[in-house]
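Taken one at a time, structure 1 and structure 2 that follow are two forms of one protein chain, written as structure tokens.
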Structure 1
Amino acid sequence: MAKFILKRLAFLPVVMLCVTMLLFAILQLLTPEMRASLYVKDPRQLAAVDQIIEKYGLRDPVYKQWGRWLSQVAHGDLGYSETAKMPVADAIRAFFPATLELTVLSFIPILLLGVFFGTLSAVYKDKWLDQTTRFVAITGYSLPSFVLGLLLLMVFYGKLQLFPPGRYSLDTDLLVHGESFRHVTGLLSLDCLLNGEFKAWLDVAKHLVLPAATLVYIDLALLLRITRSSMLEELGKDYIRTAKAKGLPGAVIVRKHALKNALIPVVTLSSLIFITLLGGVVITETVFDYPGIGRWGVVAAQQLDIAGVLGSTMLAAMLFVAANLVSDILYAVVDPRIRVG
């Protein structure tokens, strides 16, 4: 097991290297002028395009640019993100906690609600409970996050003025950047509680409600569906039938036998769902003006801010590998039939 984990960890740098290589390979398709567009935003700067290309070495072959970037990284410098207006390392520090906070806060309800209602759905297959749950979940899954997000904003901010966009309001901003505020976890909602700032906590929570609700509603269906179908499969199996025949109570069957096995795909796929969630925050963060890694990544990609894309992608890649590792280990633990390695 330890060997397996080590092997996967050793693989991490390889993934990173390949990720960056792939990105630079895609960039091969661009002309130097297109790459210069990151630095030339105004018609008044048009005359300087050639000099910009020269200055940043944009005419060099892509492998050279990749090499340059790698050696820079080897020296501990992740580069400067032109879209975030700060060094990539600072940008990650600034954006990542915000995204993590939003994602974790959305993932927990997804997991709990998904497994709970998924199991119920399977047990009461084709009853009204099953139908309703599935319909509600499937409508969420069918809603584009920008449509849902904009509608929620319209109602809850525009009309009711309950939940504003952004991450916090001005008062909280001044408070958390003040000298007496201790940053313990980086997760603002936790830090506010730890600092005993209830009002600020409420403010942060208010800003999280809409984006988290959007994510939960949209991504709930996936987990629910997996739980339900996996549960149905288990319930249809011989050993369950035998148990039923033996007269074991339904709840015990579900809890003791079926659920344990049915959770195998749930466990393996939940890491993927977490990654989906991380990827899915892109639009949600954009709509709610939430300063996270997704919004940064998408703007960087749109504007060909290579350092920014690399920074945000590498981070996501790292998380992905970690999440996968966890999932593989869990997979091996819950399903001994699978040989690891």
Structure 2
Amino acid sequence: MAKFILKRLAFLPVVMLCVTMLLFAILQLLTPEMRASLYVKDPRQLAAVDQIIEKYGLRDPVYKQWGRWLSQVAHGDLGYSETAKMPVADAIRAFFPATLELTVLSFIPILLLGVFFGTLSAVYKDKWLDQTTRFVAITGYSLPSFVLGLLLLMVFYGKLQLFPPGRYSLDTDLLVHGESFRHVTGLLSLDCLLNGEFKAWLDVAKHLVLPAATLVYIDLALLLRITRSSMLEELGKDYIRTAKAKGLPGAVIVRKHALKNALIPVVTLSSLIFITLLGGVVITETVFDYPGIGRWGVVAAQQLDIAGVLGSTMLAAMLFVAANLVSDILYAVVDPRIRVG
């Protein structure tokens, strides 16, 4: 296992190089003038555009531009994001904790509810519980996230004034940016508790409810379907019939025999859901005005913020490789028969 992990970690730089190489190739579709125009405030300053092109070598061959950028990254410089008005590394540190906070709050109920009700749905096939979970799965899988998000906003914010969009209110904004507030983890809800600011914690929690509820309902649907399908397949196999013939209790058969074997595709899907959430759920973050990494990446792409696009894409690629590594390790934990090498 250690050899396998080291091999995958060694493969990470190769993935990063391929991702950045592909991005640089795509960026060549933009003219040097288009790439330089982002840093010029007055469109009449054509001379400034030429100076930027000359300064950063935007007309150089793509391999030279790519090599310069890799050299900067090796020295810890990811460039300056004009859309975030800060260095890319600082922008990642500013936006990623918000996405991580939303991801953790959403993924835990997705995983627990998906496995629990997906299993029950298979065990009680065609009963009322199965019909209910199938309805949730079908509607969640079919409903666009922006439609659900807007509906939740209209009801719980527009009508009931309960859960506002954004990440926090003005009072909490002044508090968290004050000198006395200690940013320990970067997760605002947790930092509020560590600072003893329970009123601010409640405000942050209220802002998280609607985006988290949207993600849970949408992503829970697919996990329910996969868990149910995998469990139904396992419950119909010979070893389950043998266990029943031996007189084993139904709960033991489901928990200790069928569920373990059914979790293999669930582990795969769960890791993909987690990395999708962690990479930034653009539509949900946009609908709820939530300042996450995905929303920043899209804004950077829209405004031709090359440094921001490269930084956010590199982060997403690293997270994807890490999630696949964890997923492969979990295979061996769930099913000891699987050996990775």
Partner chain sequence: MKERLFEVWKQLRSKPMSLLGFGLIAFFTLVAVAAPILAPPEKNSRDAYLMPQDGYSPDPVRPHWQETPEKHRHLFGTTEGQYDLYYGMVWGTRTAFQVALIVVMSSLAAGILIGGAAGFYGGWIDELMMRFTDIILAFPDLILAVVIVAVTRPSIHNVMISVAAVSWPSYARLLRGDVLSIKERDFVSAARALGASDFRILGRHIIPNCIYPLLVVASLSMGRIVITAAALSFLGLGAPVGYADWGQLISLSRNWLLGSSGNPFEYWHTVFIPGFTIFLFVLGWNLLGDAVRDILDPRQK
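Only the largest set of C-alpha atoms that superpose within 1.5 Å between the two forms is called the rigid core. Residue numbering: structure 1 sequence, from 1. From a predicted model like this one, the values you see are computed outputs, not experimental measurements.
Of the two copies shown, the second one, structure 2, is the form predicted alone.
A movement of the C-alpha atom of Pro32 reaching 2 angstroms or beyond is seen between the two structures when the two forms are aligned on their rigid core. Relative to the superposed rigid core, the position of the CA of Thr286 differs between the two structures by less than 2 Å.
Relative to the superposed rigid core, Met314 undergoes a CA displacement smaller than 2 Å between the two structures. At Glu54, the distance the Cα travels between the two structures is 4.8 Å after the core is superposed.
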